[in-house]
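Okay, so here's just one chain, in structure tokens, the form predicted on its own.
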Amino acid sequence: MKKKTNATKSKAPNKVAIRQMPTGVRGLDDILGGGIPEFSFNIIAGTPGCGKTTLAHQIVFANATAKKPALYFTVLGEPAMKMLRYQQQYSFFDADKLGAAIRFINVADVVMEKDLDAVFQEIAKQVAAVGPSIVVVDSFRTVVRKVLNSAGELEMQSFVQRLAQFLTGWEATTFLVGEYVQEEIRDNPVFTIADGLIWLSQVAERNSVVRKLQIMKLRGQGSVPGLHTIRISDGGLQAFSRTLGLVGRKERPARQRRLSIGIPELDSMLGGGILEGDSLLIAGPSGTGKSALATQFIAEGLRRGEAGIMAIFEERPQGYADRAENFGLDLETPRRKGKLEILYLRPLDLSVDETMQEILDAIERVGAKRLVIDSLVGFEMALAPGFRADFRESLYRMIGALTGAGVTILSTVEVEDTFTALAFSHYTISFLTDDIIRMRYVEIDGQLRKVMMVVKMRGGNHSKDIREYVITDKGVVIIHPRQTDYAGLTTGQPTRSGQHNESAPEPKATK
């Protein structure tokens, strides 16, 4: 007998493919899981001023064509002329699309003077005449209020169901725009029938204003859960996913090459240099040369043909470049040639995700391999108060995303010297970094001197020496080891165990 083959097994039915419509909003398609499901019935909701109408316009202008037009119904909100007067300030606005690809229709009189059936018939008439691919009703909340004043909730639910079925039958992707508060989600039938719910919010935190977006509902595809920062600028609305940079990370090579930090003696202390793709933390009090060391790290990369990015928070780019000249380091020439970008990130309502997007964009523009973040304290102060509470978690995501992109990071952080302890950071973030260099002051013979040590290096062995250094017109210069009988250098208050006399590396100031 012949054995049975698998040909007799039943085949699973083919799935219906749901195409996705791009929103035209940078970052939003990633949050949505690819875009808006085509022919879906969606709600854009939130409080006044959070960007609902701008989002709807951006979607319409990104997708509407003469062959696949969009109908934008206005209901007692802003008149179309007034609305367009403001919307044309954004770069996505295209006046050539008005009339043919995008048509604005005011149905305020029908809503106010007639019943629900008349409203439905008016929308249906316009849709049948045009055959649009996108339909927007703004503000749909006005229709709801009018209906609930003159009819019951069941009538409202029936109207929304009829409208959804009709527009889906015409293969139109629909957006109902309205001002709602979250307490209404539970009882409002509109939210039950909708396929997708995009919720926008605007929150004042002390003196800062933060806008956020949440995909509260989306049938047929997976979206990124949680709250995502949004910003409205000249280009319209932009979204910053809270998982930005964590998707598509590169695998680190089995053998990482070592990068010179620009100071030969420090490279030796690091076992040959910092491993490519590592995150290095430079910790120390004010005036110990953290920024000078960071500048030498970038300058060494530029000398070797490696482009770089410097994200600074406490000093303007020109001042930063001018100060580098004091060490004989030219940052202006590589800036002009597009090999170096100095990003000044100092708005008062910044989010970590926005910062990461700025840095990732700059990395792509110049092909950067090295990144300096100077400093983490300034970074935290630039954040809106609500983001400061999650700074450590956000920093973890940011460092992981950037090193995952193959970038080597040097971050500086200011710590207070107590002369009795050896703290690395008040953020408790040492676990986020691969390597740590600690710089500090010590008091010897009535003079403040500077020492540094490598206290952590995940990728290999490192020197255990405590090395003294000075800051000259060459930058950070490590002094050659000398015989010394001082003990307790890490305390900041070393003690001499013998009578060995040692000359100071820097002369004392004379009166």
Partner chain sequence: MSRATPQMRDFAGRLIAYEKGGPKSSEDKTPVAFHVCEKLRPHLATLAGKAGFRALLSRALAVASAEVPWLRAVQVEADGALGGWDDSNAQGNPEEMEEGCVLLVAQLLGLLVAFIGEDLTLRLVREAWPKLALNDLDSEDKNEKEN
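Positions refer to the first chain, counted from 1. Not measured: the values here are computed from a predicted model.
Below: the form predicted in complex with its partner chain, not depicted.
When its partner chain is considered in the model of the complex, only one residue from 396, 441, 344, 93 comes within 4.5 Å through any heavy atom, namely 93. The contact with its partner chain in the model of the complex, taken as any heavy atom within 4.5 Å, belongs to 80 out of 356, 80, 119, 329. Interface residue remark: residue 269 is not counted as part of the site for its partner chain in the model of the complex, having no heavy atom within 4.5 Å.
Taking non-hydrogen atoms only, residue 392 never approaches its partner chain to within 4.5 angstroms in the model of the complex. Residue contact check for residue 98: one or more of its heavy atoms lie within 4.5 Å of its partner chain in the model of the complex. Taking non-hydrogen atoms only, residue 376 never approaches its partner chain to within 4.5 angstroms in the model of the complex. Not one of 183, 187 and 210 places a heavy atom within 4.5 Å of its partner chain in the model of the complex. Stretch 81 to 89 is the contacting one of 298 to 306, 319 to 327, 81 to 89, 174 to 182, since its residues have non-hydrogen atoms within 4.5 Å of its partner chain in the model of the complex.
Annotation for 101 to 128: interface residues with its partner chain in the model of the complex are 104, 105, 106, 109, 113 [heavy atom within 4.5 Å].
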